[in-house]
Every structure is written in structure tokens, then in C-alpha cells.
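Listed next as C-alpha cells is one chain, alone, in the form predicted on its own.
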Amino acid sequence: MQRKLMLPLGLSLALALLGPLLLPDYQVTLVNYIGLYSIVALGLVLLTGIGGLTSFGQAAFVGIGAYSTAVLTTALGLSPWLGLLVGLGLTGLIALVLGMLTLRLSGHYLPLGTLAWGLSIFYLFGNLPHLGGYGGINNIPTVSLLGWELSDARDFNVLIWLVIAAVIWLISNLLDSREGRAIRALKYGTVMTEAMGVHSGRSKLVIFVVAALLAALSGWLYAHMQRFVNPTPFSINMGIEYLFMIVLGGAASLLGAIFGATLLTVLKQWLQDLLPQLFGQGGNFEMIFFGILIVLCMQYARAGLWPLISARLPKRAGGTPAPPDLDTPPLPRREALPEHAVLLRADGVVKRFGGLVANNNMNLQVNSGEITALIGPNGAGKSTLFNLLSGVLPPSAGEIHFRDQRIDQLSSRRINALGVSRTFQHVRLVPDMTVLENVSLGAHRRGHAGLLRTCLHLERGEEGALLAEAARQIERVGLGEHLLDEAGNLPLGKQRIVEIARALCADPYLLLLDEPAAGLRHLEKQALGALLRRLREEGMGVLLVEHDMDFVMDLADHVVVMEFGEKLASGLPHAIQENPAVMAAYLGGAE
């Protein structure tokens, strides 16, 4: 991630230092607006492009930042810097409340929710008398910084682009971290992230508030640069334009945010001059053009225009990141358990989906230092039971205990923290993250650095330890050669092994493996079997669902057979192979 930082950071610093010296007044003003829009767009890259949460309401947060400082500096005569602090504090509080309400929505309901509060805040600006109504607030004072009076567009150009450089550095640090990996995994669903110990709701709220604070910062700069605010720049139309910027530039790219803001701002200015001459009258004809452009972009360049352009630029040498230092001291391990201690016990577990009973009166026990296999025909309810045991689904009846603690009402995140880690029947990796980054997600709860330390790049020691632990687990499962490859480029069988490494990175007592051998070649299955035997020798408990009977019978200490959601039989592998009911139901029938 850090190597991608240099170009946007260098561009921002160049515009800050050289823009006022080389550009005429009109272009300096235009570059200032591009910078203000870029700050909001950078927040939207984090929120929407990377986090997968669409918001139409960012213009409202820009307005809160602008109006907060306008009121405090004009009506109360306070310092603009105090106005900034109050604006950020108020925006953070409002974003926290709105986020806790809105982020519970999913699908198309989330953007509709942001549309609703964005409109509400816009009309609030125009209808509160002490905010100046639709006429706005005049005579907002200039900003002074260490004796430097920011009185014209050239002064603000320096400040705006230095702020952008700082924002890019902070966001890059965040994304290149434990918290950042959790954020980057959000748009691929929360089932996997919660099972790895990530508090997905908290991660969503963090990026929502951060994006809102960046919008408020842009609003503060706008108010003191213009020295006048009214509700118009904070309408829902502007909120849509901010989204247009990242869609055009590149929704998941920091430089794409700046490129999109530049493209939209310059095009809008050009079209506002050109289109009235073509149509013979004024109007918002540029929005028609932008609508067509967005449709074409979504059709032919869904990742945005900047990734399309950058893919055709010459690649710099030495861009491959270095692997982690394996000499880094290992992370603390859980205390060892006695051999053959009861880890997991399910008693009378029932799961109903309406009138369908997926699991009925299921009983199961898994001990430390043992491998238990769960087998049965397709549709027998094995994966449903896995989801009940790992907290993805709550049971309709019955109890589940882990190390004598009842867990059937706990979230998968809290169950993971107790020492249960799992893989999935259908592989759940983040395809555009490396194998190393995917596996390190499993160690998420083993790190503790907060948002501020992460953004300021002060958690490097902890980060190095997490990545080193992930690298050790990757070597352990035999995928060391793929350490820095993108996980989505691996064949399905190796992706399943990556999931096992990720689960091991959590340092679990119990490993739940859902069809781990599916898609593996013969030698790969042998290597997987050898790994599971080593884990058993180390005292780890393993519960696996598998359809390859040769693999299961050669490996398992205990076998449980399911049919139609119920337990058909359980016992030692050789006893199961000779059980007539099992043979009739699953192993080929018996005379």
C-alpha cells in the first residue's frame, strides 16, 4: 500500500508549493475548488470505494463544518481554529448518531437512508433563522496561521493541498494496517470478517465518521476561503456529484479521487460555458452529460478511469513489497489444554427455518487433540450445524458449550475470541488482497492498536508481529511461494489452504473445517492430512465436514454421520464403515 502513496502525495505537495507560483489567479481558484472536492472524495473512497458503503449525504457534513465556523466566528467572534474544533466535534457526534442508525440498513436501503438525512440537514440549513436562512452568512473572517494571514486564493492553495497531502498520508497508514485490512474486507460480506474476530459494525462506523470529518474539514476551508456560506453548495445534488467524482476517477483509489474531482470540476466549468451556446439558453445541461458519462463509465470502466490509465503507464521497478521479518518475536499463545479435554459440546440442537427443520436434536462432542469428522449426504444439515457452532446462526433450541461456557447466544466474533476458528464451504477470501494480508485477518483480535496510533503510523511493531505470524502460518501450510500473490489469482484448492492458514492465525483451540479437501489434488490432500495430524499432536481439536471418505477414514479419530438433519450414527471410523444404516444412507448401500 505504501508504494502507491508516493504519486498522490507528491502531486499534492507539488500543487501546494508550485501552484501559487506558476498558475494565474483564475486557475489557482479552480485548483482550490478541486482540492476542496478532493478532500470529500478521499473520504468517500474510504467509505464507498473500499468499505462498500454508499452515501449521498456527504455534502451535508461539508455544510456542518462550514456553518459551525461561520456562526462561531461571526456571531460570537471566536477564533476560526476553535470553529474548526467545534465543527469537527459536532460533525463527529452527528455522524456517530446517524451511523448507528443508518449503517444497520443493507442493500439499497442504506443509500436511501443517507439520501433522507442529507435532504433533512440541507433544509435545516435554510430554515433556521440564526443560520441566515437561504441568504446565508456574510463576512466570515480570514484564517491566520503562525502570523501568516490567509487572505487570498494563493494562500489557501498552499493550505488546501498541504491538508490533502496529510489526509492521503493518514488514510494510507490506516489502509496499510490491521484496521485497514478489516475495512478492505467489509464489502465482501461480514460473515467472514466476524468469524475472524473483526467487529464489522465498529469498522463501518469508523470509516463513516472519518469520511464525515473529512467533509467537515473541507467545509471549514470553504467557509474561510469564500468568507460566505449559504445552503446551496450543501444540497443533495452536490452529494451526488461527490459520488460521481469517485466513480469517474476510481472508487477505490486515492489518486483516483483527485483525478475524478479534477475531471468533474474542469468538465463542469467547460460545459457551463459551452452548452448554453449550443442550446441557446442557460440550464443545468451539464448534468445530462455527466449522467451519460457515468453510464458509459459503469459499462466500460467500472473501476474508474484512473485505474484504466495507470494500467497503461510504465511500471516502476522495485515495486514489490518486502516479505515480513520472520525473526520478529512471535505473538503470545493461548495456554495449553489437557489432552482429550472436552472442547465443544452440542446438546439437543435444533434449527428451524420456518417449517423446514435443518437440524433436529443434534448431539456432538469434540475433544482437544482429536479429529472429529462430520459426514452425510448433501443436504443433511452439516453446514447449518457448522454455522450454529460458530455463531453465524442462532439455534432454535438446544445448547452449545465451548470449554464449559455456553456460547449458543454469542456472536461469531465473541466465539472466535474464545478460541474457535473456521473455514467456509464456499471460499471467502478478499480476492484483491495478497495471501499474506488475507491470512493476517485471522490474527485481527491479537492486535490492539487503535485508530489514532494506526493513522499516525505508530503501530509498526505490532503490525510487523501480526504479518510475521501470518507468514509463519502460510509457510506451515506449504504456500510460502504464494506469500505476496493476490489470493484471487490462486486455484480453488490453494484458496482453501489459505483459509486454513487464516484460521490457524487466530491461535485457536478448535478448528472447524468445512470441506477443506474439496478441489485438492492427491498430493495436496496428503499434505493437508499431514498438517491436520500435526495439529492433533499439538493438542488442537479439529471438526471437519468432508465428502472424501478415504481422506476422512484415514484421518479421523471419531466420525459423526448425519442424515436429514439428524444424527444417524457416531463412532470410530471402522465401526462407521461397517454400520449397515450408514452404508445404506451414504456409503453405497448394503444388502
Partner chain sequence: MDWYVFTFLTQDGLTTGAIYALIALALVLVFAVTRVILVGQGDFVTLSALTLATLQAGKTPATVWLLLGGASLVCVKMLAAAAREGRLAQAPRILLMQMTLPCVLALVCWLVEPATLPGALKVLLSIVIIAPLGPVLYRLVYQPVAQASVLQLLIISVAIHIAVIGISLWIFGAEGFRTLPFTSGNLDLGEVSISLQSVLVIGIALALIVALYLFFGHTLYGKALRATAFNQRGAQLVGVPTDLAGSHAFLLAAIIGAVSGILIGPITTLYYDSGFLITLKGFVAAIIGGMASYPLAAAGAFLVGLLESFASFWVSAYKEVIVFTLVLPVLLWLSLTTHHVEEEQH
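No experiment lies behind these values; they were computed from the predicted model shown. Numbering follows the first chain given and starts at 1.
The same protein also has a form predicted together with its partner chain, omitted here; what follows describes it.
In summary, among the residues Val158, Ile294, Leu364, Leu308, the only one with a non-hydrogen atom within 4.5 Å of its partner chain in the predicted bound form is Ile294.
Scanning Leu82, Leu145, Leu458, Met298 against its partner chain in the predicted bound form with a 4.5 Å heavy atom cut-off leaves one residue, Met298. Comparing 335 to 343, 189 to 197, 409 to 417, 146 to 154 against its partner chain in the predicted bound form, the single stretch with non-hydrogen atoms within 4.5 angstroms of it is 189 to 197. Its partner chain is not drawn, but in the predicted bound form it has a heavy atom within 4.5 Å of Leu53.
Contact annotation for Phe386: none of its heavy atoms lies within 4.5 Å of its partner chain in the predicted bound form. In the predicted bound form, its partner chain lies farther than 4.5 Å from every heavy atom of Trp270. Taking non-hydrogen atoms only, Tyr509 never approaches its partner chain to within 4.5 angstroms in the predicted bound form. Contact annotation for the candidate site: Leu98, Leu124 and Asn284 all lie close to its partner chain in the predicted bound form (heavy atom within 4.5 Å).
Contacts of stretch 218 to 249 with its partner chain in the predicted bound form, defined by any heavy atom lying within 4.5 Å, are made by Ile236, Asn237, Ile240, Leu243, Phe244, Val247, listed in sequence order.
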